[in-house]
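The data below hold one chain only, encoded as structure tokens and taken in the form predicted alone.
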């Protein structure tokens, strides 16, 4: 068996050596940038490493590592320890809700705008340019701008005051903080979804719409039986990407609230807070959150792809 595998590898190498040579630099870079931090993170989850017991350099003196191997204690403590709900499960529930709400808004608004921009209208190029601007502007500029507008006395509350509507504390009230985070992330994420779906719409043959019209199909029937099936491939890809990006959306939450707003922190920002936003830093628990996040996304992606494959098979 081993001899057969070795011969197969040798034959493959002699036949495709140029392909291996081309991808070797990428494999090496990914191994250094992704593989090493991942292995190091897994190792830290099995220890009680904090900023007080990891090796460090003070002047000319080097203090070696003094943390201990604790096995799976960190996973047990995070998942079902005495304060597991406050430290993990409350943030997990909020992260799932935040991801679901944001992806639904991204897809719904993006699809609506894509349908509008796919129609023939005057100034369509200008509209596309304006609508893609929130995506083209650096995220930190967008979030800081929203932070100024959402602050007490900012433009948003000023407008609500003119309309005699309540003026929430967007950056201080826990519920309003979550609404503000969803608002800003929706603003940031809709352009990508809109452009992707617009490309999908333009790939649907116009003859299908003409045939449906000749058969007397209404606008809703054409949307349901021509547009949505035509967008299935693009939709499955952008929704999967949207879930992964939103689940790990660090920039919006961190730049909007910093290390404050504990109720609005999602898992990835909470992991950062454990590892770098408190003293002493808890590297082991922070790494444990990272590995759990990765595991959740791998499991979700596996189920999502199997669900898509089953639907594709059912629809022929």
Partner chain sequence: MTLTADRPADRPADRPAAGAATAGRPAKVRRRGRSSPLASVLAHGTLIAASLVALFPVLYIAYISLGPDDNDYLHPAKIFDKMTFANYGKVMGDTGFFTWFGNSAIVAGGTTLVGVLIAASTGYAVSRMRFPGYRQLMWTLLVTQMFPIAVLIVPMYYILSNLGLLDSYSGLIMVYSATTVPYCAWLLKGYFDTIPMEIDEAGRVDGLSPIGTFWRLILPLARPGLAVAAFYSFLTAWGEVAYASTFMLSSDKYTLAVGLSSFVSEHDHQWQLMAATSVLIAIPAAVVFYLVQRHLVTGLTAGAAKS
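Residue numbers count along the first chain shown, from 1. Since this is a predicted model, take the numbers as computed values, not measurements.
Not pictured, yet referred to below: the form predicted in complex with the partner chain.
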I have 63, 79 and 265 flagged as a candidate spot, so tell me whether each of them has a non-hydrogen atom within 4.5 Å of the partner chain in the predicted bound form. no
Quick check on this chain: which one of 108, 169, 161, 199 has a heavy atom within 4.5 Å of the partner chain in the predicted bound form? 199
Heavy atoms within 4.5 Å of the partner chain in the predicted bound form: which stretch in 82 to 90, 68 to 76, 172 to 180, 206 to 214 meets that? 206 to 214
Whether residue 256 contacts the partner chain in the predicted bound form should be assessed with a 4.5 Å heavy atom distance threshold; does it? no
When the contact criterion is heavy atoms within 4.5 Å, does residue 221 count as touching the partner chain in the predicted bound form? no
I'd like to know if residue 248 sits close to the partner chain in the predicted bound form, meaning any non-hydrogen atom pair within 4.5 angstroms. yes
Do residue 117 and the partner chain come within 4.5 Å of each other in the predicted bound form, heavy atoms counted? yes
Relative to the partner chain in the predicted bound form, which residues of 286 to 302 have a heavy atom no more than 4.5 Å away? 286, 287, 290, 293, 294, 297, 298, 301
